[in-house]
Structures are given as C-alpha cells and as structure tokens.
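The data below hold one chain only, encoded as structure tokens and taken in the form predicted on its own.
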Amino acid sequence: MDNNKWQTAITDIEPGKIRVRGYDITDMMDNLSFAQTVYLILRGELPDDKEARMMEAILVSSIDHGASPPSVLGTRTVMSGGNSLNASVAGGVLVIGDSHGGAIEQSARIMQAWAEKEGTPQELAKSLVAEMRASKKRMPGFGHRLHKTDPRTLKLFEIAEKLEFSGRHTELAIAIEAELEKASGRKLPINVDGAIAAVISDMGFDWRLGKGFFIISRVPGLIAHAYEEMTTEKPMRTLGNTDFEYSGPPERKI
C-alpha cells in the first residue's frame, strides 16, 4: 500500500471495469436492487434477504411528505427562481439539517449510547427522560406536527419485528414513548425518524449515517417536486408563508 496515495475501500475503477466493494457493477445491475446496493456501499457487504427487505422499507418510508417540509420548499423556491434541476435539488438537500432531517441521526446517537448501559429498556427510558427534562432538552424522533400516530412508524416496527430487527433499541424507543407520555401528560408518538433510528441501530448501523438515510430516501421526492415546479408552475411564484409583520425601527431620516 502506497501511503502517499489517497486510499478508498469503496469503488475500484480501471478501463472497462467498475467494482463496488469488490463486486462488478454489471453483475450488480443484473442481480441487486437499489436497496441492496445502498446497503452494500454503506456497510461493505451484501445484505441477506431480511436486511434487504428492511432496507427497502426504510428507504421508501421517507421518500416524500407533501409540499410543506423545508427541503421541498427550498427545492421549489430555487426552481421558481429560474434555476436548473440539479441546483434546485441541491438547494433542497442543503436545507436538511439538525431541525429538518436530522432527527434520525440525533435519536440514533442517544439510543445507541443509552442502550449500552445496564438496565431494562423501561429503567433506561425513565432515567433518560428525567435527564432530558431536567436539562430542558427534547427527545428527537418523538412527536409530530401532523400525525397523532405516525402510520410509517407502525409499519416499520411491524416489518422489523417480522424480520427480527426489533431489538434493544426498538424496545428502548417504545419505552421512551411511554415514559414521555407519563412525564408530560401528553402523547408524543414515535415518528418515522425515531422509528428509523431505532431500526437502523438494531441493524448495526453507525448513528452518524442517520442523515444519510434521510437524504437517500428524500432526494427522489425532491426531484419530483422540482420537476413539477418546472413544468406546472409559473416562475417566481409565491411559496411558503408570506404573512409577516415588521418589527424593526420606525421610519427615520439619515
């Protein structure tokens, strides 16, 4: 190995050859689904049938959530300004951050750290919720502005249980949901981000890939919104909330 060269274990290329994690791309085109290929490139090994099915469900679950999320508004706004498809989608992806699209990463980080501790999921959930309330922090991946019960969560957990990916992290997530309701007096359901965080943790994924799962899933939706904006709407149209109130200084002279 030449220490002066940049090393990558992901893809090897040479004239007429492309090998991803050691597998020929043409064999992959013939034999692998997109979900299997995503698993391979992230983990370095091919998924088994259960891992592939779980990966498929995760990637489908967040493909789109209507026209109101910030990343969609970002994509449509950039397109409305007269920009290209790639610029518009890139604009939407750049909107993804800790407040929008970051809950999978944040929730998985917390759950992976706490799942390593001694105690039952219920005991850990009680301590975790008490600690977060004392520091006035919100548990990411719980609660939803629209859904009282997120249908995607129910389905992901159903599939995870069937495929035997419902482990300690999923148990902890369910215990946190119950403890949050007990502590706050109101239901804060596990949303799709929290469900994905629990399942990918039970699958052995590093929490630092959390945003990656959201981006991979959401980009096709952003492309669809960019194309719809391009082909059905007038340029420079009004998007988002325009009901604002000025709060600066009154009129004054130089």
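The first residue of the sequence shown is number 1, and the count goes up from there. Everything numeric in this text was worked out from a predicted model, so none of it was measured.
What comes next is about the form predicted in complex with a small molecule, which is not displayed.
Using heavy atoms and a 4.5 Å limit, would one call N191 a contact residue for the small molecule in the model of the complex? Yes - in the model of the complex, heavy atoms of N191 and the small molecule come within 4.5 Å of each other.
With a 4.5 Å heavy atom cut-off, would you call L180 a contact of the small molecule in the model of the complex? Yes, L180 lies within 4.5 Å of the small molecule in the model of the complex.
Can you work out whether A103 and the small molecule are in contact in the model of the complex, taking contact to mean some heavy atom pair no more than 4.5 Å apart? The answer is yes: A103 has a heavy atom within 4.5 Å of the small molecule.
State yes or no: in the model of the complex, is some non-hydrogen atom of G92 no more than 4.5 angstroms from a non-hydrogen atom of the small molecule? G92 lies outside the contact set for the small molecule.
Hey, of 153-161, 112-120, 72-80, 133-141, which bit sits against the small molecule in the model of the complex at 4.5 Å between non-hydrogen atoms? Selected stretch: 133-141.
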